[in-house]
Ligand SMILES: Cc1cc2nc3c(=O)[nH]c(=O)nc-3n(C[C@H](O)[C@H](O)[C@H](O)COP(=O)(O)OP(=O)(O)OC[C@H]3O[C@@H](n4cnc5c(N)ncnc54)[C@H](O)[C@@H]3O)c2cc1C
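Given next, in structure tokens, is a single chain: the form predicted on its own.
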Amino acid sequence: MKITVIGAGVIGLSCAYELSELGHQLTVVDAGAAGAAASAGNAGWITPFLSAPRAAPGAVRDAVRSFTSTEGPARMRPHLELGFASWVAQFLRASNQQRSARATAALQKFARHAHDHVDSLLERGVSFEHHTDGLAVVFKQADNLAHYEQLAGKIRSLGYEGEIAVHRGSDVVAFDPAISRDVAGVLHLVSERHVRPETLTAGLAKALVTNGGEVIEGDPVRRITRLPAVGKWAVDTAEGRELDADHVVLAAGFATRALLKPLGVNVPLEAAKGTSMTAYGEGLAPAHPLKLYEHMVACSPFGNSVRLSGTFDVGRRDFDLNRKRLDMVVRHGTSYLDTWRPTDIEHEWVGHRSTTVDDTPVIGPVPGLPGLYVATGHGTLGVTLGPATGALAAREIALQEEQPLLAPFRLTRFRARNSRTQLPYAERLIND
């Protein structure tokens, strides 16, 4: 079977690699370089514990504050596009306690075996920088640490089995002497991991090519066309390529929305702009990846360098580096560290995390369009859920085996009021 995957980030490459492992002919096409968009500058965390939606109680308050604050980690900025107000309204509705709890339970269940999927990639020879030092959540305020200990109990009730340790006082220094002595404490998620995301996408691309697949870079997709033959598609690119396929997988992040719209499919996606700096520095670098809680900055050590990443600016779709926002991330991030400060910048990054109105992914076949499959909207969980998404989506596409873990993430949830009866999965693929 010939399959074209649009999008060479961690989601698209994971899907493509797993499909190639099942013996299919894969072509991946991307507007830029493989792994150079949202996958290039994020923290690289693989963290089932933190798999929860941003659409949660308190989001309304935070959204209101974001309109006037210049220092907050998340900002919501008005957009002239007609549908943006509707997206914001739906996001706020999804933030109620009941809907957020359902989304959290679904994400926790989906992410539960994230580490197993990463191990599977390593066992099959996919090469990437991989660390097993856990993830430490660092708190300046004692009441925030106490709240997080309560949260840990709730996450455990949803099936989380990872080891958790709490450090206060002198124990913090013993745990990681790079952390400031002024913090209130650390909650160490011992079982979590992190990767350097650029190496993960590079490893997946190399393994895909080894399996006979092709990666086309720097050639934006302009149009997806349904051919007269049932289940056949053509993907037209800016450089004049016409890629015919039996299946098309849309994993193009925020751009997925524009590609589906001419086909009459509306996906409530928005771009959430993030930024990061990777640098060598002076002073003692942290030995663990750190979630710097009060300012929501991510700190990831990669060899001799450190990456500080943050911001979740919804409605900012440009790729311009906002120096004030990046400086804020660095300033807030280093305030949790004792002596480490950046001196030699290796890389500065701006990228968009594709985010749905309920901040959970969209994964599954597109109703009414057999042979078209979507995998996008992972927000800040792309690295955590990417390998799992690839493995499960490949089984659905190639083996026509519906995966129950993906049921909460179907595109059809956004038209729940539609009276259309849901057919069994295999029948939908044939008859839609």
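Nothing here was measured: the structure is a model prediction, and the numbers come from that model. Quick note: we count residues from 1 along the sequence shown, nothing fancier.
Just so you know, the form predicted in complex with the ligand exists too; it's not on screen, but the next bit is about it.
J.: Of the listed stretches (155 to 163, 225 to 233, 100 to 108, 272 to 280), which one has a non-hydrogen atom within 4.5 Å of the ligand in the model of the complex?
T.: Within 4.5 Å of the partner lies stretch 272 to 280.
J.: Can you work out which of Gly351, Gly213, Gly185, Pro73 has a heavy atom no more than 4.5 Å from the ligand in the model of the complex?
T.: Of Gly351, Gly213, Gly185, Pro73, the residue with a heavy atom within 4.5 Å of the ligand in the model of the complex is Gly351.
J.: Could you check which residue among Ala114, Val314, Met328, Val221 gets a heavy atom within 4.5 Å of the ligand in the model of the complex?
T.: Of the listed residues, the single hit is Val221.
J.: At the 4.5 Å heavy atom threshold, is Gly382 in contact with the ligand in the model of the complex?
T.: Contact with the ligand, yes.
J.: Would you check, heavy atoms only and a 4.5 Å threshold, whether Ala31 touches the ligand in the model of the complex?
T.: Ala31: contacts the ligand in the model of the complex.
J.: Would you please decide whether Gly390 lies within 4.5 angstroms of the ligand in the model of the complex, comparing each non-hydrogen atom pair?
T.: Output for Gly390 is no: heavy atoms all beyond 4.5 Å of the ligand.
J.: According to a 4.5 angstroms non-hydrogen atom cut-off, is Cys15 in contact with the ligand in the model of the complex?
T.: Contact check for Cys15: no, nothing within 4.5 Å of the ligand in the model of the complex.
J.: Can all three of Ile11, Asn42 and Ala251 be found with a heavy atom no more than 4.5 Å from the ligand in the model of the complex?
T.: Checked in the model of the complex: all three residues contact the ligand.
J.: Do any residues of 294 to 329 have a non-hydrogen atom within 4.5 angstroms of the ligand in the model of the complex? If so, which ones, in sequence order?
T.: Residues within 4.5 Å: Ser309, Gly310.
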